[in-house]
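A single chain, nothing else alongside it, follows as structure tokens in the form predicted alone.
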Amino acid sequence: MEERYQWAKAQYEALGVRVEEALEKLKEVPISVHCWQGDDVLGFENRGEALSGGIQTTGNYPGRARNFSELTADFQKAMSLTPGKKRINLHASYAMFEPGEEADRNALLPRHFAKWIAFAKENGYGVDFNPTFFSHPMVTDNLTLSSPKEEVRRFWVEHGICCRRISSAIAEELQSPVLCNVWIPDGYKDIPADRLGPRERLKKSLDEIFAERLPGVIDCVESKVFGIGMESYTVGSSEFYLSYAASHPGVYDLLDNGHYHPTEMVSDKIPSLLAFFDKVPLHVTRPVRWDSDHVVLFEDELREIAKEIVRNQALERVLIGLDFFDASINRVAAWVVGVRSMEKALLYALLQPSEEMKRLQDEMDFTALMALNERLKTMPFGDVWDCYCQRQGVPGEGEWLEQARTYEREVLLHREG
């Protein structure tokens, strides 16, 4: 391993890349890993309802986590097979109640997430948080914050306020800021008669949710092109949320790379937002023809996203989170593949001679730039990656799957239902 690494290191350093510096930078970049991959986005409310509001999970692979202890055990197993610094990303629907206790989403309190806070503190994780505006009886006609029914709109405004207060309490407890992300499913299946009215109601709702100044909370809003049952019109469009964030200091526009037209690239949007915002929240997924939340792979667009983060010196400004859920494969392995792919993409970007490439572009030497880009594709990246994994104390590429399979045989396959 060491001999291969030293040879690979020499190849990169011949291009002016500081490999050891790249490895040191990478290990300090936190990735916010979503809890909902482990239980198919069902949460702990036990309403007995199917997912709704444009959310859908396909597959029935055995071993789904059914409670807090199983979900956190699976999460820990997955994280033990991935390198780098982690955060855990929660949805409000993962609140924990005492026996006999009930609280609807507009009455959630920080104590309902005490077990999550203790889990994060024990394992050195930061936490990010999301109000859950789906899979609830008060999602009426696929509308929440933009509903013309005041009782519905008010319920969800109260939920958003609760979640920001919970986020602030978590931030204080962990002494780490919490990204609180607002995504709603609101829209119409067919062409609407009124496009402005719902957006005016959404704007009013957001103003009410964000009115209270809360320490430790990084507020953001997440747009979408369309959803299941909302194919013709989405209230929270990209233009709406980008305009809202630009006109409301302290609110950021979260980019989810599954939430745009297939010909739009989030990698191109990142530097545009970096020119105007001090932070750019990011959800990384893998869309296949639409926002299908496939497991993140080490593919072209992921590499381009990572390049834009690195070459613009934005490792501390772009807040990287993952968002996918696949019930057709081993859920622990899905986490592992996704996290490792994101880490690989960042390392790949850190091993680029970015300054030399910028110089070639500025000097209009596009021939040399093209040749250098092609040369980088066959560099011994895998040897550097394996060394990074070894230093981080996690298995290499050919080793982690067997550990995941063993966990499946010994734990996951013994679960029922």
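One rule holds for the numbers: they count along the sequence shown, beginning at 1. Here the structure is a predicted model, which is why all the values come from computation and not from measurement.
From this point on, the text means the form predicted together with a small molecule, which you will not see here.
- Proximity to the small molecule in the predicted complex holds for none of Lys86, Arg303 and Lys344, with the criterion being a heavy atom within 4.5 Å.
- For the small molecule in the predicted complex, the listed stretch (150 to 158, 220 to 228, 329 to 337, 194 to 202) containing residues with heavy atoms inside 4.5 Å is 220 to 228.
- The listed set Trp116, Phe134, Tyr125, Tyr244 contains one residue whose heavy atoms approach the small molecule in the predicted complex to within 4.5 Å, identified as Phe134.
- For the residues His91, Arg164, Lys307, His112, the 4.5 Å heavy atom test against the small molecule in the predicted complex is passed only by His91.
- When contacts are judged by a 4.5 Å heavy atom cut-off, Trp36 counts as touching the small molecule in the predicted complex.
- Remark: Asp186 does not count among the residues lining the small molecule in the predicted complex, judged by a heavy atom distance of 4.5 Å or less.
- Shown alone here, Val41 lies within 4.5 Å of the small molecule in the predicted complex, counting heavy atoms only.
- Asp256 belongs to the set of residues with a heavy atom inside 4.5 Å of the small molecule in the predicted complex.
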